[in-house]
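Below, in C-alpha cells: the form predicted on its own, a single chain.
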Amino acid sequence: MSFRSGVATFAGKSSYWFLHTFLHGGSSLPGKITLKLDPNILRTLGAKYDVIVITGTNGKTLTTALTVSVLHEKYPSILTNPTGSNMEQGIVTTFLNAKNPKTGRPLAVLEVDEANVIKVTQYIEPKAFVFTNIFRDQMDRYGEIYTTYQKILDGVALAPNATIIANGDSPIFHSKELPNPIEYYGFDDQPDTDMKAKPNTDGVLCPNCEHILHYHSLTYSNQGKYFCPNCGFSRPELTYRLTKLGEQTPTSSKFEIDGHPFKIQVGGTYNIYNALAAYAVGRFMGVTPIQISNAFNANQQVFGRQEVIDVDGKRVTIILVKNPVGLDQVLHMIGTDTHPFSLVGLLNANYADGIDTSWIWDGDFEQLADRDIPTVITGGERYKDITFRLKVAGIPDDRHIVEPNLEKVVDEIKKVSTDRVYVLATYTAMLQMRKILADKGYVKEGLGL
C-alpha cells in the first residue's frame, strides 16, 4: 500500500467510524472522502479479493443477498454491500468496512450500478459478472436499453477472462459476441408455442435482422424462449434451467431448478429470476443444490426489498419500484394477495431515483381500480405526480389520502382498516421512509443518507 493509499484509507475508515458511531450511519461519504484523496484506491482495496459483480436494471439487491447466502454455505468470508449502495463511492465504503481476512483469498459479491461497472473493472478484474436484465430505467442517466447494455460492456471489456453468468431469457444478453466464457440461466417449464410480446414492449427486435422476435414461451416483458422466424436467431442453450413453477403468493415462491425443489420467502416471478441467478452463481462456485436450498430457506429480509415491518400491528411491506416493468411485476405480485390490503405510493425524483417521472404513466396502475382497496395513500416529494396518475387510473377520491409528509404517512398507515399495507416507493423515498421507521423504533437501524 502506498503512502497516499494509506492516508486515504485511514481517512475513509475514520469517517466511517464517526458516522456510524454518532450519526446513525452513512454509505456514501466515507467512499467520497477516500476517492478524493486517492482516485485509484479500489486497486489497493480490492487486490486481495475474488470479486463477483452483479449488475442489471432490476433485482440486483435481492440477487446479491441471495448469492451471498448461497456462497456462505461453502465460503465463510464474503464481503458485500447489502443496502444497495452500488456506485463507486458506495463500493469503496464497502471495502473500507471490511475486516482483514485471516486466511485464504476472500470473496467480494458486489452489486454494481450499470454505469459504474467500468469504474470497478478499471482497477479490479472480477472472477465473474452476473447480468440480471436490462429494462428501460432512469432515461436521464442511461438512455435506451442498448445504451445501458453498452455501459456494462464497456466495463466487461476490461475483464475478458471473467465468466459471464447471464439471464438467457433476455434477448439483449445474446445480441453481441463477447470473448468471455458465458453461462446462461432461464425458464424452461412450458411447452413450445408461438407468440409475441405485448405491443410497445422494449427489446423485441432481432439484433441480426430487426424482425420482430417471437416466443415459444414468455415469462414477462421481453423475457422468455425467444426466436426470430426470419433469420433463425434464438435463445442460447441454457446452462441452468427452471424446470417447474409451483405455488406463488406475495410472500413465497416454490419452483424447481434442474429438477431440484426450492422455496424462497418472497413473492413475484421476477424474484424467481433473482433466485435462479443466485443458484447459477452457486453452482459455478461449487455449491451443491442441497446447500443452495438451505440458503434459500434462511428467510433473510433484504433492505427495502419486500421487507416486512410491523407498525403497531400493521404488516407493512416496503417494495422498491423504479421503472414500468418492475412496477407491473410488483402490481401483479400484490394482486395475488387474497387478504384485504391498503396501498401507499411514494414518489421522489432525485438523482438516485431518476429525475424523469414520466415512467409512472407506462405502469399498469389501472389494474388497481379492479381491486376493492379501502385506502390508498400517496406522498413523497413528487406527490402531485403520483396522486394525479392514480386518479387517472380510477382510484376513487373518497378512498385516496394525499400526504406529502412521510412522517404523517406513517401516522396514516396506523389508521387504515386493513392489517396489510404495501408501500411502493422509489429509492430515496424508500430510504426516507425506512429511516423514519427506524427513528420510531419499528426497525433496528436506518441508513444514513
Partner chain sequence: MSYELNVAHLYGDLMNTYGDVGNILALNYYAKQMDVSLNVKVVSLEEDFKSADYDLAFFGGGQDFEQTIVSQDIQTKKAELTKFIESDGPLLAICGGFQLLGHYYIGADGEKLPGIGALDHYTLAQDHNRFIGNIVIKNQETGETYHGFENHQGLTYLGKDERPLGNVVSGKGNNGEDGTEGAIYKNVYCSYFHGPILTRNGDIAKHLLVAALQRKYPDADFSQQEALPIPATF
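Note that the structure is a prediction, hence the values are computed from the model and not measured. By rigid core we mean the largest C-alpha set that fits within 1.5 Å across both forms. Numbering follows the first chain given and starts at 1.
Another form, the form predicted in complex with the partner chain, is not on view; read the next lines as being about it.
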(message) Only one of Asn100, Asn161, Thr338, Asn200 gets a heavy atom within 4.5 Å of the partner chain in the predicted bound form. Which one?
(response) Asn200
(request) Sort through Arg399, Lys415, Lys36, Lys391 and report the residue having a heavy atom within 4.5 Å of the partner chain in the predicted bound form. (result) Lys391
(request) Using the partner position in the predicted bound form, report whether Ile145 sits within 4.5 Å of the partner chain, counting heavy atoms only. (result) yes
(request) Determine whether any heavy atom of Asp385 comes within 4.5 Å of a heavy atom of the partner chain in the predicted bound form, and answer yes or no. (result) yes
(message) With a cut-off of 4.5 Å between heavy atoms, is Val204 one of the residues that contacts the partner chain in the predicted bound form?
(response) yes
(request) Determine whether any heavy atom of Asn116 comes within 4.5 Å of a heavy atom of the partner chain in the predicted bound form, and answer yes or no. (result) no
(request) Mind telling me which stretch in 309-317, 242-250, 150-158, 353-361 gets its heavy atoms within 4.5 Å of the partner chain in the predicted bound form? (result) 353-361
(message) I have Arg136, Ile212 and Glu366 flagged as a candidate spot, so tell me whether each of them has a non-hydrogen atom within 4.5 Å of the partner chain in the predicted bound form.
(response) yes
(message) Where, within 181-196, is there a heavy atom within 4.5 Å of the partner chain in the predicted bound form? Residue list please.
(response) Lys196
(message) Taking 2 Å as the cut-off, check whether the CA of Thr93 shifts that much or more between this form and the one not shown after a rigid core fit.
(response) no
(message) If the two forms are fitted on the core, does Ala393 show a Cα displacement reaching 2 angstroms between this form and the one not shown?
(response) yes
(request) Establish whether a shift of 2 Å or more occurs at the C-alpha of Asn350 between this form and the one not shown, with the two forms superposed on the rigid core. (result) yes
